[in-house]
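Given as structure tokens, the chain that follows is alone and in the form predicted alone.
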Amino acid sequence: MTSKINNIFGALAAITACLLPTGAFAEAGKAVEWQLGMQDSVTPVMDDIVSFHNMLLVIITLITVFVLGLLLTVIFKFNAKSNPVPSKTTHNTLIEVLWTVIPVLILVVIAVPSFRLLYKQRDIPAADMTIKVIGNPQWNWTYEYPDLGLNDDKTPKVTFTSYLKPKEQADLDGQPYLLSTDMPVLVPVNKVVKLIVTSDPEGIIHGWAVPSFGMQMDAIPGRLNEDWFKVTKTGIYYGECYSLCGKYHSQMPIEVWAVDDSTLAKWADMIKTSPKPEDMQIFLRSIKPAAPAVASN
């Protein structure tokens, strides 16, 4: 029943979107120029966000059209020329009840899926993998994978700092500049990934966000925040630091590759050997996943 309702709201939202100025539809994983709408969803949470957005778009459009109709009625029916003898009505119980009850019912309709979505976002399920994300004061991200093995001193064997990929290299690799990185974050597809997000104790507030995942989380010095996602399609997904964190805020991109377990294991083994940067880049090109399929709009 819920899926049918979502399909109905989705269809109505698509019709509503067609009435807006022409623009390009977004793709999964990244934004496009003159984008209309959100990026395609690849996680259960983002699926619910899209459904909620479609429902609100329909409700807002209906309210706007209704209010516009009332305004036009007042303008043309109750002006001095059309209504030379003004009405002396000062009270109407039915109308007053309706304009109180109907908005309350609309808010209830909006609140129920809203609270359900908030609960789903914050109720973190049992994780198949945990990744610690650290925002650095040098405007870059450090990632630690404690589940992929620990050293004798209990530090993760798989850890790296991800830097902005230079424009020349991004163009050569066919990736978007200011979104691609020299070392992507690899996660297993169709598995729950738990993020522990923080910032360097001597740093500032950053924000880790990937639009196609429907998630964002503050990276605050001295505090550990948690979030989660479950990517359902292999592919490359981009995000950015969304907090205005200073001079090089625009140079803190996030690049996530959703891959199968065997590819993830090969990648982890490669990192553990501490390869040269050029060897690592060659290896990454050999395991680079294809772009996710774009949903028809």
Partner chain sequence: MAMAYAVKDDHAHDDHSHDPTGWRRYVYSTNHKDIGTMYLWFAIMAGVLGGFLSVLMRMELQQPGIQIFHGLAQMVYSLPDPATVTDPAKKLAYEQGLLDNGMQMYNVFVTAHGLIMIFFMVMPAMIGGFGNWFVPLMIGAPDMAFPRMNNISFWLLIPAFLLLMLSMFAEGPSGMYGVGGGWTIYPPLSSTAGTPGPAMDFAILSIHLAGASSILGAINFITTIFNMRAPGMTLHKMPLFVWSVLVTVFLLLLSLPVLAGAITMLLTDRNFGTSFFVPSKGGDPLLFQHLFWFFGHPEVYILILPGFGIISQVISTFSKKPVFGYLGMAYAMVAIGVVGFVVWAHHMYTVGLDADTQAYFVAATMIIAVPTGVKIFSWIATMWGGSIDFRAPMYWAIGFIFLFTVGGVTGVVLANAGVDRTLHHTYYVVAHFHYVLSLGAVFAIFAGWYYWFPKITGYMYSERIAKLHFWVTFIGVNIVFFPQHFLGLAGMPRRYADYPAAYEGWNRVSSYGSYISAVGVLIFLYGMVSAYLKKVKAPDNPWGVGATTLEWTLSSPPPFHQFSTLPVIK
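Positions refer to the first chain, counted from 1. Since the model is a prediction, treat every value here as computed from it, not as a measurement.
If you look for the form predicted in complex with its partner chain, you will not find it shown, but the lines that follow are about it.
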Option touching its partner chain, based on a heavy atom within 4.5 Å in the predicted complex, out of V158, I131, V187, L179: L179
Its partner chain contact in the predicted complex: A170, any heavy atom under 4.5 Å: no
Non-hydrogen atom contact E240 with its partner chain in the predicted complex at 4.5 angstroms: yes
Interface membership of T232, its partner chain in the predicted complex, 4.5 Å heavy atom rule: no
4.5 Å heavy atom contact, T64 and its partner chain in the predicted complex: yes
Residues from 237-267 in contact with its partner chain (non-hydrogen atom within 4.5 Å) in the predicted complex: E240, C241, Y242, S243, L244, C245, G246, K247, Y248, H249, S250, Q251
